[in-house]
Each structure stands twice: as C-alpha cells, then as structure tokens.
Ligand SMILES: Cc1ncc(COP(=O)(O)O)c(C=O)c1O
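The data below hold one chain only, encoded as structure tokens and taken in the form predicted alone.
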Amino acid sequence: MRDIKSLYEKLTKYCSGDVYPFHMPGHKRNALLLDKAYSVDITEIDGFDNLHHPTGILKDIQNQMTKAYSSDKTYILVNGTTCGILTAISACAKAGDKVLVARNCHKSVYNALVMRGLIPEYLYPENDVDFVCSLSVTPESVDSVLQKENNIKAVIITSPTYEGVVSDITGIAKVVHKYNIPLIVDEAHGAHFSFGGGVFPKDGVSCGADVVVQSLHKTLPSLTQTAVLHIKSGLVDIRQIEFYLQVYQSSSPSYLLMSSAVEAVRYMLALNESEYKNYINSIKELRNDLEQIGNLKLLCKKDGVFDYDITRLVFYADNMTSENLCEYLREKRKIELEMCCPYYSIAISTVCDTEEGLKRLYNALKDAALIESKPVMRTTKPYAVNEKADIVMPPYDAYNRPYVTVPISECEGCVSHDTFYLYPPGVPLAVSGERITKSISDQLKTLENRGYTLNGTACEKGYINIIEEEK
C-alpha cells in the first residue's frame, strides 16, 4: 500500500507544528477527552447498545442528555447537523408540501427540498451593507408570509448564522405556533448557547423552537461530524424523527464519535460559572482591543441584528483583501482562520482557546493593519443569498430535468439546474429552478476570477449546469 499517500502522516506533520487554529472543530486540537482511539473503536457488541434501537447505555445517556437540555427528546448524531436537518424536514413535510425557508439556510436544507419533493416559499433576511451578510430573520417577516400562505407545513431558519447573527427565536416560535406548525432551527453554530448560564445568546430549545439541531464539533470539544437533535414540541411526530434518523445516519455508528459527543457535553456541564465568565470576558477584551485597530472593521450587534454571538470574530481590513489577510496570518503568523470570502474573514473562538492564542490573534491583526498598501475597494452589492430571484420551478423538478453545461460568462438569464454555493458557509448563491440574475452572474464571474471554487456542481471550473429550456 506504499503507493497510496498517507493522509494520517500529513495530518500529524501539520498538527505537530505551531499553527494556531481559529477554526472548527471546537476542541482546538487539545487532547481533552479521547487519547486511545484505536483501542476503544468497537461495534455493537454486548453491553454497548444500538444507537438505532437503544435499550441500554445509549438510551440512558440520551435520556440524561434530554434532561440536561430540558428537551422532550435529545438524540446523538454521528452524521453531523446535516443528517439532523434532513431528518427534521423529512419528518415534518411530505412530497408536494410547502415549507417556509429562510433563503440563507445551509445547503442541507436545499438537499432536503430535492430529496423530499418539497415546494419552498422563501424568507429574505435583510443584508448588512458593510459586511454583505444576512441580518436577523424577524417574526414580522415570518407572519407576513404565513398570513398569505395557509398551507405551509413547517418553517426552517438558521440561527445563529455562520457570521454569528441570531434571530428572535422566541418571537418567531410564537408566530409559527399561531398557525399550528413546527419551527425547525438550524443552530449548528450555536451548540454552546445551551451552556454558560446566560453568557451566550439563548438557545433555540429554551426559546420555544420545535426541532433544534446543533453541531457539537463546531464550538464544543467534540470530534468532527458529531451533533445533537432536540425535540421540544407536540407538533412533531417522534416516530417519524426516529425513522428518518436511521435513514440518514450510518447503520454502523462510530462509538468514538458517540463517546466524543457525550464527553463534550459532560465537559461543558462541568465548567463552572466563573470559568464561563472568564472566557466571555476574555472575548470582550479581545473584541474591544480589535475595535481600536484603525484599519480593522469588526462585525457586532447593530440595527437589524436581534442578538449576536460575540465569540464569532468576523472582520475585514481596509488595507488588504480578505484573501491577502488570511494568507498573511497563515504564512507569516502561523494562524489558520475558519474562512475568508471576498467581503470578510472569520475566526471561531471556543472555550478551548487559550489566552496566548487570543493574544496571538490580536497582535497579528494589529500588525497586519499597519502594512502599507492602497485602500481596498469594497462592493456593496448583495451577496446573492438574499436577492429575490424568479423561481421557475421547484428544486425537485429542476434537478430532474435535462441540463446542459455552459460557461459562467453565459449563464445570465438561464435557469439553474444545480444548487451551488461557496463552502464554507454552504449558503446557495443560486438554487435549482431559479433564474440566474445579472447580479448573481456577475458575482460568479468575480468569484471565479478571485480563485474561489464553486461547490454543488460537478462541472469543470468556470462552468455550471443549466436547465435545457424548450424553444
């Protein structure tokens, strides 16, 4: 097998260096919980239960987690929040049903629309004109659509967003429940909200959402691919949830991943109030210091933002592009960020960060802001996610139509066959069945010219698939 490259060797070489991770997973490569992976990797042997039909230790653990989260039911997920989103939507809506979807939802929501043959109505959150990202979904906007569409079967929103923007889940839940339908919240980036005694924004379960899915690996010390799904509702069929969980999850769930999920929750529960306060005070101090840097702009709570997760550091520099800033931090300062896009960069902080790591980020950004260069020209064009497009056909119908492949330079006015996006964050620029506007076409060209890879399409770079329309 020597002719196959070793991924493990590359991982160990990289992780043995001094690069500091301001990205997920939330454990920040600290060996806090599991240090004997191979020796405890087992299957469903006697005494260790079955995740898809728990009657022993896994049933006891999930019951205890249910109490810890104050939910009706909490399930451990080993296929990420993605499988939780697919499960929630599949359990709440069937083929041909209409669902109300915030247009800035994750790609997994759009995959569910295709897989289940659902018809979406969209909510379009306002955009922040400076950072060019989505602001909060409002209860009023939800109510406005539900008043007009009386056959919506479920409402699906993302809170917090990838950028840390939180919506008024309590208010939205009250509106949705007036119509006797469930609210599904993708809280992938807010798994820490359930802990901390109030230092973080309120979690979706306590705010009245019916189904909440959280990625433990994003902000908790858990291995990648671990998540939890919470039910707090009389509007959701538990039997349907449990059926689709075994559809979308592996029939051989990893005990390493399950153990990691459980230990991460135990870790967060074991932290005392002063430890959470010390962490959040360190983040507040860091943000205050960053705000004093002349060329640096930091996203924060503002008009249009109901609440904001301050542990999410979203910023850009006036003196260099986001791509150049990320490259500087990586190559010159040994700091790896979570993401950079044409408009901003993101650093993810968690309770596992060190004071030294936070200080290192501050010093690096302070020095980067002093580098002399020409001011960067910024655009205020909408970043496609919130631009209302002409919906020609539902995603399921579009994805099952014949298609042709065309250069991005020729896609304006065409109907998209694929749902395509940058990853991260996985929010579609265009959805299957939507007509591609000039603005989206221009953005695709810009992204291509700046070296970004378009996901969601199997085309060669510079091409996309469109519906072959009748002439």
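These numbers were taken from a predicted model, which means no experiment stands behind them. When you see a residue number, it is the position in the sequence shown, counting from 1.
Another form, the form predicted together with the ligand, is not on view; read the next lines as being about it.
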Residue 186: touches the ligand in the model of the complex, heavy atom cutoff 4.5 angstroms: yes
Residue 106, heavy atom within 4.5 angstroms of the ligand in the model of the complex: yes
Distance check, residue 79 to the ligand in the model of the complex, heavy atom within 4.5 Å: yes
4.5 Å heavy atom contact, residue 423 to the ligand in the model of the complex: yes
167, 194, 74, 215 - the one with a heavy atom within 4.5 Å of the ligand in the model of the complex: 215
The unique member of 158, 87, 311, 134 whose heavy atoms fall within 4.5 Å of the ligand in the model of the complex: 158
Candidate stretches 355-363, 387-395, 79-87, 194-202 - the one whose heavy atoms come within 4.5 Å of the ligand in the model of the complex: 79-87
